[in-house]
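Presented as structure tokens, the chain that follows is alone, the form predicted alone.
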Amino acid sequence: MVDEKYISQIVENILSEMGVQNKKEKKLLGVFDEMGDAIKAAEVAYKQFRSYTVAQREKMIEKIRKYTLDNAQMLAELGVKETGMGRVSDKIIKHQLVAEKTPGTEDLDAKVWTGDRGLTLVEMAPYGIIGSITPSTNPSETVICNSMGMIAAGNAVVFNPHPGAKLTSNTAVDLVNRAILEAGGPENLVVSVANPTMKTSDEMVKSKSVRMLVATGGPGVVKMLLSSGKKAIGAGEGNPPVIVDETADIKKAGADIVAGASFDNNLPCIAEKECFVVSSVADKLIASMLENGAYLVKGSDIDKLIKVALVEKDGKLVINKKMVGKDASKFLKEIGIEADPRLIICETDFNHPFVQTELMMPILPIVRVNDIDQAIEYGVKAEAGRRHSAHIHSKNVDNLTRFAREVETTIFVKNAPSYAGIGAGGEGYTTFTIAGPTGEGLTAAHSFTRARRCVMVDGFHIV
């Protein structure tokens, strides 16, 4: 049950930190009661924003970075309290990652061709107003990350947040707007609705003012976007496998997998969801996991765990939404075990529902395999063509290459925790919108632009 008083207090603390002292001012900036009003406000803001320079956009991005770092803990606490999912300490890291590694205007590259017939220039232009549907798993992180990329590209943004994280998402909208205003930007460049619903989402998608759509969600959301008739970026679901072969640094692999699979209670779609390990090193891998904060559940306790994590619907086992993102200790308590690990591990076969279902819970099934051939076969089948993320621990270059080629995922992490794939402990930038279904991959400012070509014939070439 959401404690509205607690959440309201956190929101007040955030606004107070931002220097909003007058009670009359304690309204979340950019948040409207009606979607139509939100879109109209974004239209006005975008008209003003079109005259701003790229340098001015970058000043806004820098201010958003600062506000995000300053409020990382409060946003993390608010997100966990409202949704009941994840870990505050890990969500703080997520916000820091967004603030420090989301690209700004430097991501916009122009192209130039010159020759005997003159000069041709291609620049990356904004779409205008972008409509964005955001999840409850990474609510404020996604709002802030998307806002930074979309503003850097010169757009205004209309959000329709997940109803289960509306307070957290809209507090992030407020934060972004306050940062923009302090940097000299227009009001309501980023907007949202106080009570998002399917109706407000539909209104946003169908609005003629909204030129582009971006959404993070399941197959239904992605399908809806792709049938809109507009440019759409869809970040879909994943079920990332991790393989460990006999050549891997087993101690490191165990520590890395626990770190990745337990991060924010396995909410990130990139996180390790099932592990395939060559039998000859399986015992050593499990021992390393236990040394690094995992708890091994065996026998009948696995069956009990199934009843906690999954529920039956239309004759099939599906995730128990009430348990998504909960601490491992809560699952263990439900089956009569008192312990507080980072991650629950259990040995299963390939057909087990824990392997075949994206749980988004701190539970990792481990399947022993005969060799790398079987590991890759199982890994590809478990990933099931989602093309999201996959991971492997190996020192055999042929094994690394072969799995990457066969699984064809957007993110492929070798010999590191899964979160290295979005720049945490690895190279490259951060995003919380990973577009596998529509092919953009890890989105950034360039993803929210359209190419415009300008041609000057027989001029501007000096050779």
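From 1 onward, residues are counted along the sequence shown. Not measured: the values here are computed from a predicted model.
Although not depicted, the form predicted together with a small molecule is the subject of the following passage.
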### Query
Among 214 to 222, 71 to 79, 103 to 111, 277 to 285, which stretch has residues with heavy atoms no more than 4.5 Å from the small molecule in the predicted bound form?
214 to 222
### Query
Among A375, A235, A253, M361, which has at least one heavy atom within 4.5 Å of the small molecule in the predicted bound form?
A235
### Query
Which pick from S262, T137, S192, T171 sits with a heavy atom within 4.5 Å of the small molecule in the predicted bound form?
T137
### Message
Under a 4.5 Å heavy atom criterion, is C269 part of the interface with the small molecule in the predicted bound form?
### Response
yes
### Task
Using a 4.5 Å heavy atom cut-off, state whether A41 contacts the small molecule in the predicted bound form.
no
### Message
Residue-level question: is I434 within 4.5 Å of the small molecule in the predicted bound form, judged on heavy atoms?
### Response
yes
#### Entry: P161: touches the small molecule in the predicted bound form, heavy atom cutoff 4.5 angstroms
yes
